[in-house]
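One chain comes next, on its own, written as structure tokens: the form predicted on its own.
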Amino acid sequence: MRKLPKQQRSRALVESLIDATAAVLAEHGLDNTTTNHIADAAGVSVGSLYQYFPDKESLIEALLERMVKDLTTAFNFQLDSQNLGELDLENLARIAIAIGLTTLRANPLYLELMQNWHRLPVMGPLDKLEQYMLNVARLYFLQHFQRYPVDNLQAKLYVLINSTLFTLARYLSQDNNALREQDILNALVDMISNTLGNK
């Protein structure tokens, strides 16, 4: 369990450690990154690092949480520029998945994390992303309950969100020239629309 920073100076140190983790991972890769490298890059002692992060995995988990924050920020920005109530289900799904792919592809570090996702402490950050997507979906279906009367909505959202997240993580982690990104996007949108759109 990592110590949570309370003072501004402590929060700044934590942010600099996460920044240093990103820089060291980008330079050395996952396997060659150590807490000593990260402390050196942040300009602090390893002891100071260990006050807030007990190990490399907790630093990487904090970096993954930052990635989730970037994803939700990008999605919120898009939602703010459009009226959620005016989007049909297919367009909402397409926008959400496209934003995820664009945000992850725009940052080489995030791609490195995706390529190693099966070896990383992803459950906490994924839980936060899943909860965010569930909240957005619930709001959407409350606004559109007459258009999309879905039985067992909670279970279907759980399966669809996790299936989509897992598929995207797998796709981004592999060099798969046989599948085009647009085809993956279309297949996921079809799955969501067919399950929830009463087609």
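Please read all numbers here as calculations on a predicted model, not as lab measurements. One rule holds for the numbers: they count along the sequence shown, beginning at 1.
In what follows, reference is made to the form predicted in complex with a further copy of the same chain, a form of this protein that is not presented.
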Taking 4.5 angstroms as the cut-off for heavy atoms, does residue 119 touch a further copy of the same chain in the predicted complex?
yes
Exercise: residue 28 in contact with a further copy of the same chain in the predicted complex, heavy atom 4.5 Å
no
- Message: Taking any heavy atom pair closer than or equal to 4.5 Å as contact, tell me whether residue 158 reaches a further copy of the same chain in the predicted complex.
- Response: yes
Do residue 126 and a further copy of the same chain share at least one heavy atom pair within 4.5 Å in the predicted complex?
yes
In this chain shown alone, the residue from 40, 61, 130, 70 with a heavy atom within 4.5 Å of a further copy of the same chain in the predicted complex is 130
Only one of 158-166, 141-149, 62-70, 42-50 sits within 4.5 Å of a further copy of the same chain in the predicted complex by heavy atom distance, namely 158-166
